[in-house]
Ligand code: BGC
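First, one chain by itself in structure tokens, the form predicted alone.
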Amino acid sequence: MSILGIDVGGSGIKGAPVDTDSGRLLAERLRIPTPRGGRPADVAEVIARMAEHFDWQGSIGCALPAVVKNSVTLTAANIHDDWIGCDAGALIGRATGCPVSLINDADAAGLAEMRFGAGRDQPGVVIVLTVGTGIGSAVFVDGKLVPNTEFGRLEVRGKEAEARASDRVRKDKDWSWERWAERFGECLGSLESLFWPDLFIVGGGVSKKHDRWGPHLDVRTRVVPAALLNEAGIVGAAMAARR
């Protein structure tokens, strides 16, 4: 089944038609910068432009950096606060003229990784972390998603995890990968103590540099980089729409 997958981020909106049976993109991915401020109507307009670009008239799956329940966004991370309480499904549906399904962006990436990537056939508890501007999270128990976890908000030594160990913090502080791994490892250690996972999958921009920071981690749980990289959110959004 072909579904248009859209992944909304704080800096860019990415999309492509997806074959949800194989996880393959059916056209070259399109990326458009997120409108300044990230207001709902402006983002919906960009998504409508994407649908027009692909001449799309079918179902759309959209991943957003927010807690999503019944097509309503209840939080807003790195996008405008007007998303809080917004019926985003209806808004984007009106803009595109297509049926729209919404999912949290980290949950979308996790769905893709568990079906087609690093978590395929992995039993037990798997925690997927998307590390970029912030830290998103998705939790799976024997392949079943526990939606809308917000482990980036977990307090670690007096600060939220994403304020201690996001990729943005690493860049702002000009940390070495070794120093960043120490901070990130503290976050993983806190999650280990609470959930005793069987596997961590780390996505986002840092996943491409796993060889630089992975050897410096001091945690019990196996940690692997995401396999789908920047396509995971697009693929997972389409999968969520199919479900």
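All residue numbers refer to positions in the sequence shown, first residue = 1. Not measured: the values here are computed from a predicted model.
Missing here is the form predicted in complex with the named molecule; even so, the following discussion is about that form.
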Completion exercise
Only one of 79-87, 135-143, 92-100, 113-121 has residues with a heavy atom within 4.5 Å of the named molecule in the predicted bound form, and that stretch is 135-143
Handout entry: Contact residue in the predicted bound form, chosen from Gly204, Pro65, Pro197, Pro40 - any heavy atom within 4.5 Å of the named molecule
Key = Pro65
Exercise for the section: Although the named molecule is absent from this view, report whether Asp105 comes within 4.5 Å of it in the predicted bound form, heavy atoms only. Expected result: yes
Problem - Contact flag, Arg164 vs the named molecule in the predicted bound form, heavy atom cut 4.5 Å - result: no
Fill in the blank from the handout: Residues in 141-170 that come within 4.5 Å of the named molecule in the predicted bound form by at least one heavy atom, in order, are Glu150, Arg153, Glu162
